[in-house]
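Quick setup: one chain, the form predicted on its own, written in structure tokens, and binding and motion questions come after.
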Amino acid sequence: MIPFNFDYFKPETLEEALKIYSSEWKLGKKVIYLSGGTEVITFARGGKMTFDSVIDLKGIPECTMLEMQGDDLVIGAAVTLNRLVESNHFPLLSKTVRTIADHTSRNKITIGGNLMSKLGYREGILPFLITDAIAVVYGPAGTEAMPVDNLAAAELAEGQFLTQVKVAASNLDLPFVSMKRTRSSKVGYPIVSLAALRKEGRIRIAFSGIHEHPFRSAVVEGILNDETIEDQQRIDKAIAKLPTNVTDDFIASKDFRKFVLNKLLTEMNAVWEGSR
């Protein structure tokens, strides 16, 4: 049970959601948007989060959409991870989110909730980073489209909320690799998680678990695509170009994370070689 009282709203339109937010915010209340709810409930029960008003986005059609529109796959922020897995419109995304939490939890966790999580892992964003996906947000200035990497730090302007992510159809069926290593199970927090695909002969890759938030690095990609040097040399050079503040916490030390990443990149190269 959440140990404090709050007001709950479930609007049916984007405009109604923003109107409620603005009204509650002007009253000095702490207002949050909710696309899934598992993290909010967990944090609130544990005393790590408080709020006065909750605006549930799951009643808004734009936020529950999952369909092809022209040349784009449109994914609403309130689409659950299991719905993404079962639809399999985007196989790399399906495989990546399949290892986020257990099956029961994925019936409630939404892609928007994962992308905007207060936790640093947010593995669901990895396939979007390497496909140059577009995030659609709504707020006081109306609807705004932005590169999904703008969400990497999980911050939006006051009153804004994520409504959809759009992925170009040309990226959906490219050769891909999705790998994850945890301390004890396939669905725990990652020591390292990566998603990669090959497009126009080049590797695109993004990581979670290594840094305070997920990232894609042009420098690392450039090294991994340099075929003038041997595989292991590429891997060693790429790891040397990681962010300087590699995560060091209760899950794994920074040195062990680098060790695991070395193994995963070696496995990734073996997959690419085997597919040629």
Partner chain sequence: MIVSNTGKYTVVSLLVNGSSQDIMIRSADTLLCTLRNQLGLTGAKQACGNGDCGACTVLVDGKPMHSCLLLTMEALNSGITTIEGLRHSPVRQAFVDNWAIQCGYCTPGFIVNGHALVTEHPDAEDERIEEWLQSNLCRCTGYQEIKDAIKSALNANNLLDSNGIDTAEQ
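Positions refer to the first chain, counted from 1. Bear in mind that the values here come from a model prediction, so they are computed numbers and not experimental data.
The discussion below concerns the form predicted in complex with its partner chain, not included here.
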Is it the case in the predicted bound form that Y8, S105 and K108 each bring at least one heavy atom within 4.5 Å of its partner chain?
yes
Taking its partner chain in the predicted bound form as the reference, which of E62, D52, D231, E221 has a non-hydrogen atom within 4.5 Å?
D52
Exactly one residue in R122, R98, K166, R198 has a non-hydrogen atom within 4.5 Å of its partner chain in the predicted bound form; which is it?
R98
Partner contact for E15 in the predicted bound form: its partner chain, 4.5 angstroms, heavy atom
no
Please tell me whether any heavy atom belonging to L27 falls inside 4.5 Å of a heavy atom of its partner chain, as the geometry stands in the predicted bound form.
no
G209 versus its partner chain, in the predicted bound form: is there a non-hydrogen atom within 4.5 Å?
no
Taking heavy atoms and a 4.5 Å cut-off, does D173 contact its partner chain in the predicted bound form?
no
What stretch, of 213-221, 237-245, 62-70, 40-48, brings heavy atoms to within 4.5 Å of its partner chain in the predicted bound form?
40-48
Can you tell me which residues in 234-248 come within 4.5 angstroms of its partner chain in the predicted bound form, by heavy atoms?
none
